[in-house]
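Here we start with a single chain on its own, the form predicted on its own, put down as structure tokens.
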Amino acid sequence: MKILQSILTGVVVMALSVCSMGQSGNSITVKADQLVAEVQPTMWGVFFEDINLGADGGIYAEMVKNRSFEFYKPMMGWTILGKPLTEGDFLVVNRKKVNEANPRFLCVTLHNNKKGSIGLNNEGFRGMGVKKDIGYDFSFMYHQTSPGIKMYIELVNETGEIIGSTVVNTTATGSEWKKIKTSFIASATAPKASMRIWFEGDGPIDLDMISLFPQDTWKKRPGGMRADMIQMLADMKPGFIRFPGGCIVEGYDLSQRYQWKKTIGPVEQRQLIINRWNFEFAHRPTPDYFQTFGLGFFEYFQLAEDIGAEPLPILNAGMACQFNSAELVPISQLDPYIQDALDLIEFANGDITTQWGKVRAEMGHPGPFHLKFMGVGNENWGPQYIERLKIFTKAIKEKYPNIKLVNSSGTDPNGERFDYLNGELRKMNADIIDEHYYRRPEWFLQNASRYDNYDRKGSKIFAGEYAAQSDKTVSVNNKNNWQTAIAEAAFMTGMERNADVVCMASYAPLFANVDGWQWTPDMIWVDNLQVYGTPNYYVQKLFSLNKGTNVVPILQDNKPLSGQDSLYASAVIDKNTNELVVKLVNVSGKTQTKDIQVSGIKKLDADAKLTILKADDLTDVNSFNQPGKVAPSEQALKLKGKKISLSLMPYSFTIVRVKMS
């Protein structure tokens, strides 16, 4: 702990030396009548990528792994129970020419079998999280030549005890696929249950899309999203949600890129692909990680609407991941990629008489999703990106001039790659430039003034991916500790002070499963039954819930408060509530007493609200056992006149919210 504190203190001293900011008195000034920048409603948002079992096995609540036998190993996730009478009693059949989106199904042949003789077991995504007294919807598609097969569905806990069951009879015959749905209620809770299917009867039956969903999904939508995970996002009231990535937009090569048109329509017609995080890291292999696209672009738009966030889809720019294959589509073959972008805008916003607006309406949303932003490319770089981006930009702006385009500035916040892209994008008058930074906490403190000297009239900035790394980037030892969170809070005051430059920002990655992660740190951690927010989550949430509408100056010695006395600060007013909101981050190990003088108003209300986020140790983390170890606390604060007197605790993030008149 002492070593960490010494490092942090040393960094602050170095930052102060660089900025020539010396010690001063206790007085800080807020000029509440000087509105220096408008805070965009999109200022603080979230970025979702299907990494760390974020979608399948995460917010997409499907409990059956490999439900349509489309993984590279067709029976992955499944185990045959009992002893089949003949070798071919369980066969995976491929009908690719008949159904390219969902070619495989399982043919089970019975020989007057009784219950318990042969069956299937599905292990779920690191087990199935089953909750007592919750209903579960089981469904599957089938066809058979003769009726009379009975299937016994059982949920069993880790010791093999049955904790939920139902029985279905397959009565329909013929060549057409039929769907059966049934429901049952679990009698007990189990974090790592599995599902068994026992067969009874005679003859063959073909099975596909074997599915199990809890009924307590977000907004109770059948086949929907995991409610507790989505609630964590809704509680933040984010201004936007960026989706579906991230690196999965690019793919290892172009065959594995994300193609939004393959993620809409009936789920059984959505074509599965491998997730690039399946094999990306040799130290964290995840051979069962695929994208079924049960969570597709329609669901992403619907989610954004649900939580009041602007949708920000990112599309492939004709470039695969440059860290992997660096595969490019030739310029002469770029048209389909551009058409996908134009069609997506029509899908989101078009009238129901248009081709893609009609598709949206048929999926249950006749009204538009009011798409305003779109990203072209993710962490792409070099002249090849600029060349393709210019073609995308021209085509999109000619047809949809009001759509704001987000453009990549590469993988790093500085260096040759960044300098080239930043220069070229500004020559293009890019709407929004996406900057990413995964760096040590020290970097975030040293760069809290990064945007102070950016061009106020030029391209706007989207801080699209950032997270302080307690160890180093791509290290398995990175922790979501308080040291990383408080450094991010300090940096975020700098983004908020420069809201006329920074219009959007989001931490990344968003979710991680404790049993299936590839990358750390991550904002929200889950297992099959629980979810908790990290200290970083609470920093993000507090900024989002207190973003206000207009930035006002907060100064010490007539300079923005950004490192002096180890303090970082920003201030906004909220015109909607007529409140002043002051955010202060104390990165030192000592309590600091400060008086904040507020000018430009008649008076402050005598009763203010004080919110404090702090930890006793910079290494403190939250966990399933202690989910609130680092969490905000609120208390009343009495004021006199136009002065706010505060004792800022060591290593703390403090927010004061008070009415003005």
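Residue positions are given as counts along the sequence shown, with the first one as 1. Please read these numbers as outputs of a predicted model, since none were measured by experiment.
Only in words, not in the display: the form predicted together with a small molecule, which the text now covers.
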| item | value |
| --- | --- |
| Stretch in contact in the model of the complex with the small molecule, which is absent here, among 414-422, 132-140, 244-252, 293-301 (heavy atoms within 4.5 Å) | 244-252 |
| Contact flag, E379 vs the small molecule in the model of the complex, heavy atom cut 4.5 Å | yes |
| Residue contact check: G533 to the small molecule in the model of the complex, 4.5 Å heavy atom | no |
| Any non-hydrogen atom of F199 within 4.5 angstroms of the small molecule in the model of the complex | no |
| Touches the small molecule in the model of the complex: R257 (any heavy atom, 4.5 Å) | no |
| One residue of Y385, Y337, W277, F373 in contact with the small molecule, assessed in the model of the complex (non-hydrogen atom, 4.5 angstroms) | W277 |
| The small molecule: the contacting residue among W78, Y289, W519, F240 in the model of the complex [heavy atom, 4.5 Å] | W519 |
